[in-house]
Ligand code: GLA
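This document starts with one chain, in the form predicted on its own, laid out as structure tokens.
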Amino acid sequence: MNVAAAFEELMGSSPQGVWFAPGRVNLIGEHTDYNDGFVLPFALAQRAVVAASRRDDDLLVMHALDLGEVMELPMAQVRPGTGGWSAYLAGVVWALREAGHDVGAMTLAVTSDVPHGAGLSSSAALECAVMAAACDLFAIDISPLTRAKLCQRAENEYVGAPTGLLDQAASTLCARDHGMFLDCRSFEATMVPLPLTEAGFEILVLDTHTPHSHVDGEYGERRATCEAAAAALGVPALRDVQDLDAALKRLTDERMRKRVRHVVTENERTLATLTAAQQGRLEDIPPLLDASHASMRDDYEITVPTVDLAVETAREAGALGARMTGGGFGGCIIAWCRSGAGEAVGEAVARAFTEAGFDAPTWFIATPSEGAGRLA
């Protein structure tokens, strides 16, 4: 969709600019971010795009071009509780104003090709695109990391989803042909080369079309359990657990023990993936993806039958490693394949889904892409 042309058709004038922010896929490091741990996502070529202009009145006018819907809010009413799709846009304006920035009335027209409900951060893409637009339109000079943190605040406090910083940081900070290793305590980001094509690999992202939502109780329950476990172990966060066996012996609740085991071992796998990538040993990464999926399935208990079938079938069809990616309870898997093999893996999963009576999946080959910026 030509978002600038759509804006002009709606408003009778050209936008003052067009901005974008990508979705992301998490290579490894699941449910570690809110435990002060480590994550390693990369940005996708799929992105949210927003055309925007300042207004002379006191209205925030938001057009969802893909839905054909519009929402108008007086600036005085831009506060948590508005709900719906517009909350992801208005929440960014609210977060900027709460941080003391002078953001005025705007018209926003948004579109996105990031699959919704697939665990690819479609909401963060919207937030970070609006953030890029607002900062340029109102000459707000803040760092990319600060932008990401404000977008996270918008999602946490305005939308009401208790997500960590992974999604917004990836959408804002990532670089083309790189992954981003993020320490979620220090917020130090390290770009990690992922020369997939050169090394003879490709990454398939397959959407199982099993809906999920981070706003529901499952995500919040696991986060609360992790916080309770850290308190019981006397550490600031689960990333501080040094001796896993000793920690598990101290915990009596079996569910808590499982959650701790996942987080601690997932951090170890993420660090091992970082080292392998930095040393050019990409072939060592797929087994770490397999182990990550097993941990999410058995210890964090966030996979579902469609996801497990997709992962198992991908491996049988030639994937070197595969795992669920995202918050869980549906969404996408990633499969690490030899170059040119990804399409056949996707087709094999589709056949398996048909035989099992599941809805047909969709898939694409992921391209590590750049973070948010201005298009025009």
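Start at 1 and count along the sequence shown; that's the residue number. The model shown is predicted, which means the values in this text are computed figures rather than measured ones.
Although not depicted, the form predicted in complex with alpha-D-galactopyranose (GLA) is the subject of the following passage.
Quick one: from G37, G342, G321, G326, grab the residue that has a heavy atom within 4.5 Å of alpha-D-galactopyranose (GLA) in the predicted complex.
None of the others qualify; the residue that does is G326.
Using a 4.5 angstroms cut-off on non-hydrogen atoms, would G29 count as touching alpha-D-galactopyranose (GLA) in the predicted complex?
Looking in the predicted complex, residue contacts with alpha-D-galactopyranose (GLA) include G29, since a heavy atom lies within 4.5 Å.
Any non-hydrogen atom of L165 within 4.5 angstroms of alpha-D-galactopyranose (GLA) in the predicted complex:
Yes, L165 lies within 4.5 Å of alpha-D-galactopyranose (GLA) in the predicted complex.
Though only this chain appears here, would F201 touch alpha-D-galactopyranose (GLA) in the predicted complex if you measure heavy atom gaps against 4.5 Å?
Contact check for F201: no, nothing within 4.5 Å of alpha-D-galactopyranose (GLA) in the predicted complex.
99-107, 157-165, 245-253, 190-198: which one contacts alpha-D-galactopyranose (GLA) in the predicted complex at 4.5 Å, heavy atom to heavy atom?
Of the options, only 157-165 has residues within 4.5 Å of the partner.
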